[in-house]
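Quick setup: one chain, the form predicted alone, written in structure tokens, and binding and motion questions come after.
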């Protein structure tokens, strides 16, 4: 705990002495991606810093409510020379969702993350693979600032952003990464007016009709192997036919994992011709992060992913072979 606190204090000291920041996260945004970056964005703003929110990707429709008042920039939108980057919830430097030029020309790269596969690529790092979410790490960072400066920085916007990241990455507190600290954090954020009802409605209760049409179509691709592995496939044609984007369909992987007797659920999702995103979810004993690493990906023990550059059928065979070897 001392090491983690030193990491937090070093980051806070650097933030105090610096002014211009880019906040960003990984490609294919999710709830913790958006929640942790927004929480950091609002925190830096309250400290009087100049902050640019940059993400070279599209926000999933069920998370767009969080960013409606934020100017989300692309890497090509800005031309700055003296700045620092805070990369949140990104376990691999190659997956940071801004241009390589911006990364390489920054003064300092700060990494705040909870992925097991993180190799401490930042100049300053706050990594805790046991944390429920990167949003929890941002909460710890801001709470430490509050303690050091006898202030109360967390307002409704920060609380709502961080609560979104917490409940999406813990699956509404169902997943094994849920800790006692997760409930303590949730309680405190609710005291700070986190808009829980809005989050639940927008994130979990506002799926498009087209999503359910695609879900039905994708479930027709469901296959089970050795009664322990289930796969679901989503192609570009299926997404186009149902007016959905690549970032709108990640949640479908749970339908594979949640079948009785299945240990590993796999979503095979075609991003572009020759590029297939693989999402891996396990239920009890399989460490899917090891499988993802063997395919040049990464993540957590029970939730990981990778990209295979091949056609859909070959990608499916490649990931099945890797999972069968582990299971």
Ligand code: 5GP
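All figures in this text were calculated on a predicted structure; none of them were measured in a lab. Positions refer to the first chain, counted from 1.
Not on display, but discussed next: the form predicted together with this ligand.
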Task: Contact stretch among 254-262, 275-283, 36-44, 53-61 - heavy atom within 4.5 Å of this ligand in the model of the complex - done: 275-283
Open item on the list: With the distance limit set at 4.5 angstroms and only heavy atoms considered, check whether 115, 297 and 304 all reach this ligand in the model of the complex.
Closed with: yes
TODO: Verify the contact flag for residue 92: yes if a non-hydrogen atom of it lies within 4.5 Å of a non-hydrogen atom of this ligand in the model of the complex, no if not.
DONE: yes
Open item on the list: Do any residues of 17-35 have a non-hydrogen atom within 4.5 angstroms of this ligand in the model of the complex? If so, which ones, in sequence order?
Closed with: 26
